[in-house]
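Just the one chain here, the form predicted alone, laid out as structure tokens.
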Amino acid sequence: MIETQEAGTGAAGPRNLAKILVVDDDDQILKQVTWALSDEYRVHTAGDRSAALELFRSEMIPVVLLDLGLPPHPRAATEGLQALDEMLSRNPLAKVIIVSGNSERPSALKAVERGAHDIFPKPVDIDELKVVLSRAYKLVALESENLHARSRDWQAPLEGILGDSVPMQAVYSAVRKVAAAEVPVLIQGESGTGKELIARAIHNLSRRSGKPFVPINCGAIPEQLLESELFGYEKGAFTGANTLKPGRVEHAQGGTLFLDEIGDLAQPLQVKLLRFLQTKAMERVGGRELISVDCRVVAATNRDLEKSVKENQFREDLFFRLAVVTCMLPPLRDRGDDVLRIADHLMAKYSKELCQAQKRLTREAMEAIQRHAWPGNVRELENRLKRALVLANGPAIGVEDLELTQLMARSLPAGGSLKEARKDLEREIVSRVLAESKGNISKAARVLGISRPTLYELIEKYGL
């Protein structure tokens, strides 16, 4: 049976067919391509960048036909090029084919330089297009199979990071490449996505693996204490400094210094960190001697540092020093069936820790886990599962034990997008947990499995 939806809203075709996304602001072209391809592909269509990115992410579509001229600037290529960049950022394995006329040729060539797979001319010849699409899908399959095999081999070095979804395969590939390079790395991702685990994997796979891995959370230590934690202090440097104390930077000699939540670093310390990165030398608080330190710096943040740079909250020169290579971690909601694999692993782990017979998840619980937005990512999943294992009666864990009952009952509002529904859901969860915690930010952050700064951002974002 063929399912058909309006262009710009969804897809046509049986669900077991390969998926393709067609992005064009011309409804006639969308209908023509949908009709011509629906026997061989499940065709998703979108008329603008926002709708295209939402479908690309939620449906995990590997091949895209993209027109560069999209609203609100259909005569320019800006929207199309931005869509290309964001798609390849989310899934480097995706094959984006630019559909363009002769007048758009320069923009199409620019798109190829930025990673587009191919250019296809207008007007569209369907028979030729089918050949191009067939080749693109074969290439996607070969690359995915190769990355899947490599990710299986890499499970042990990645210290328990589970998952073989396409976004995580891209992460494994990036880790392997940057581990061998002696350059600073910036790991970006939402709170709870496993940034420290990725940093440890980079360290363990590098030539520095036999040396210390030294983490420090820049957002968890008060500003007035952070400098001495980082750089140490001399005896007598301040009241209470009764002995010389080396800092975390010195402890990382020969190894890796991991600066978590680097976006929370105060401006004066940003200057001192920049100086250290430039010179590979530092002074202890109260000292005058320059101490050389050979260590690799890996930083992580859940903030948009480029935005912080524009708002003069983070130094541009420090950003470029730290972000020589950037590794983006996908949120749990974008990792498909990985969430169930991680849940199974955590159930076995915590059952052993709690000396319990291993319990199982009910079908309804598994469906709820897959539908939940997981604003706290893996950390939130850990908290919910551990609490359920302690409190649940019987051999199975249900929706009620995970406290996801209200989320199962919630439906997508009429005319609303998946993105809007997730925002509503996130707002509802944060609001409810704040109410149950009676406004205690620390307690609410622990329940949600996120950091205090992230919770403050959500409170501000939703006006709670």
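Note that this is a predicted model, so its numbers are computed, not measured. Residue numbers here begin at 1 and follow the sequence given.
Not on display, but discussed next: the form predicted in complex with a small molecule.
Asks: Would you mind picking the one in L109, V324, V309, L197 that has a heavy atom within 4.5 Å of the small molecule in the predicted complex?
Replies: It is L197 that has a heavy atom within 4.5 Å of the partner.
Asks: Looking at D334, E143, E227, E261, which has any heavy atom no more than 4.5 Å from the small molecule in the predicted complex?
Replies: Going through each option in turn, the one that passes is E261.
Asks: With the small molecule left out here, work out from 334-342, 269-277, 311-319, 290-298 which stretch has heavy atoms within 4.5 Å of it in the predicted complex.
Replies: Answer to the contact question: 334-342.
Asks: Hey, in the predicted complex, does A94 get a heavy atom within 4.5 angstroms of the small molecule?
Replies: Flag for A94 set to no.
Asks: Can you tell me if T193 lies within 4.5 angstroms of the small molecule in the predicted complex, counting non-hydrogen atoms only?
Replies: T193 belongs to the contact set for the small molecule.
Asks: Using a 4.5 angstroms cut-off on non-hydrogen atoms, would N302 count as touching the small molecule in the predicted complex?
Replies: Answer yes; at least one heavy atom of N302 falls within 4.5 Å of the small molecule in the predicted complex.
Asks: Could you confirm whether V378 comes within 4.5 Å of the small molecule in the predicted complex, counting heavy atoms only?
Replies: Yes, V378 lies within 4.5 Å of the small molecule in the predicted complex.
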